[in-house]
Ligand SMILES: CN(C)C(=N)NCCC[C@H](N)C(=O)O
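Take a look at this single chain in structure tokens; it is the form predicted alone.
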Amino acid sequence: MEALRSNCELKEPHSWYIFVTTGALGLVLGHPFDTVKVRLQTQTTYQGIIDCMVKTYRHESLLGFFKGMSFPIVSIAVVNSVLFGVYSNALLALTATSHQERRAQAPSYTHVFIAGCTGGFLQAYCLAPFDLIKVRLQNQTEPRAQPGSPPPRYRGPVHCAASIFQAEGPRGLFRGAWALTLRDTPTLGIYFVTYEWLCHQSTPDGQNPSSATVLVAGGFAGITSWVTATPLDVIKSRMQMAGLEQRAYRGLLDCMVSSVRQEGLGVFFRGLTINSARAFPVNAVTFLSYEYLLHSWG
């Protein structure tokens, strides 16, 4: 959900490189927080954010916070290309206006929301296998292998993917995909609408938003989207770990009911604080980096 500026035009030859660069920057910046979030959502051994961070550092060193980052880095080009390609073309189809024309006359928020939801829906299935592997690797709490110590279950992302395929079949790589789709579809619509609205409120008509506006709008858009996404994000992460724990949920609803029965309604808000804390700087930097690179390349 570390999105870039919504009114980008994908026809520019350098857009793909901008997407990769800014997406990777946001990913590296936010991954340690994401690791803590995933562990809080799927494990009950931590008393809170600080306890999780301290135990992770003591047991796994600083590298423990970056487990599972390699596949997201590799997949960022595919994910962003799908998201922004679909979004840009959906908005073009809805408004029948070019990128330059949209600068002068902003599209309606209904069109922005529909285009964002469309992009979120289609990118979810491209993201699902990569996200599953990321979550599985992030939940490996073993320290770095020492001579004579047993190896971790997964030796890396490729081994993780092959192991899941062998043990759970092709469908295993898409475990939690439906929850991911339900999370991303409305969330990305809300994200784009929030960003565009905040930029529009702070920018004179026909002008580009200032750096300060981009930072604030991107940061608050990220927070808003994660507030709405966190409940389903919890369920998504738990369903992704279910195969490893040999616990079979009968579906998304069963996972929700089982989680509430065991841990109460508060389970849906696990990771919300760190999600929000991560969302502001990651999205602010991602948007600002994108604007800067777009200006430099232009």
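In this text, residue numbers run from 1 along the sequence as written. As the structure is a prediction and not an experimental result, all values here were calculated from the model.
The following text describes the form predicted together with the ligand, which does not appear among the structures shown.
- In the modelled overlay, the ligand taken from its pose in the model of the complex has three or more atoms closer than 2.4 Å to backbone or C-beta atoms of this form, which marks the pocket as blocked.
- Here is the short version: of V135, I164, L91, L188, the single residue with a heavy atom within 4.5 Å of the ligand in the model of the complex is L188.
- Interface residue remark: Y154 is not counted as part of the site for the ligand in the model of the complex, having no heavy atom within 4.5 Å.
- In the model of the complex, A229 approaches the ligand with a heavy atom inside 4.5 Å.
- The ligand in the model of the complex is approached by R183, whose closest heavy atom lies within 4.5 angstroms of it.
- Under a 4.5 angstroms non-hydrogen atom cutoff, the ligand in the model of the complex has V282 among its neighbouring residues.
- Note that among 169-177, 197-205, 219-227, 107-115, the stretch whose heavy atoms approach the ligand to within 4.5 Å in the model of the complex is 219-227.
- Looking at 27-45, no residue comes within 4.5 Å of the ligand in the model of the complex, counting any heavy atom.
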